[in-house]
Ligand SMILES: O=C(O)CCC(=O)C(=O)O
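Below sits a lone chain in structure tokens, taken as the form predicted on its own.
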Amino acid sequence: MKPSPELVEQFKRDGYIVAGQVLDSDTLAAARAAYDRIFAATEKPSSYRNLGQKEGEAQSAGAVLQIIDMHKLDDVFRRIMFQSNVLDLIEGLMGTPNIRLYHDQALYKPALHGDEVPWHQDNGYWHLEPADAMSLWIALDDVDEANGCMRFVPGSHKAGEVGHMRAGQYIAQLKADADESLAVPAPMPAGWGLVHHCRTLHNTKPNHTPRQRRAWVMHTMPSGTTQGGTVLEDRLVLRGG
């Protein structure tokens, strides 16, 4: 799935694109089944946490459940990362054949009480240099604004790094200032994906619908990317070297 010149220009302009179908029906079904098995496991993985957790709450009323490195828990996610259509898309947008995984994650908003994720840039958390990382966000359910699809401020990546602060009482979330009037939602059917730059401002609304919202995200970066002055040489090579 090599992006067209028009899509590449749109990505440069807006900082994100909706890429269309990424998973075929069989792969989508396998990913959903693996996702559900992992979240239903009796013993939580050590990286399992609720991003909706707030200080002083024994049990949060809202939930954004996160599991890091799903590819280590079920091979279906590893296979998706190495799909030629996925890597062709990322290479075309990133402009290099040397691609590494920063990490991947599941972000699950249960029906009825899925929480929000405030406006932020991914690099507000990561502090990667150069800031050329990008994320492929894949919907495992049909997504719209009501159940928590991604929303963007187009072109916000061009402003560079913006200030982030703690997001209210959330234990694990940061937020950045954004003009809500500029927000553009990105609804998609299950199996579709979108790509966004690590400096593009984005958020998701709460899910108060009777529909769950399962999403899986792979965060990629050019080889040679550093964090805190250290080259991330230990990260999985997806293509090139």
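Note that the structure is predicted; figures quoted are calculated from it, not measured. We number the residues from 1 along the sequence you see.
Omitted from view is the form predicted together with the ligand, to which the following refers.
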Exercise: F77 in contact with the ligand in the predicted bound form, heavy atom 4.5 Å: no
Partner proximity in the predicted bound form: A131 to the ligand, non-hydrogen atom cutoff 4.5 Å: no
The ligand contact in the predicted bound form: V117, any heavy atom under 4.5 Å: yes
4.5 Å heavy atom contact, M150 to the ligand in the predicted bound form: yes
One stretch from 18-26, 227-235, 214-222, 5-13 that, in the predicted bound form, holds residues within 4.5 Å of the ligand by heavy atom: 214-222
Listed residue (I99, L73, L107, L140) with a non-hydrogen atom within 4.5 angstroms of the ligand in the predicted bound form: L107
Heavy atom contacts to the ligand in the predicted bound form at 4.5 Å, residues of 192-213 in sequence order: H196, H202, T204, R213
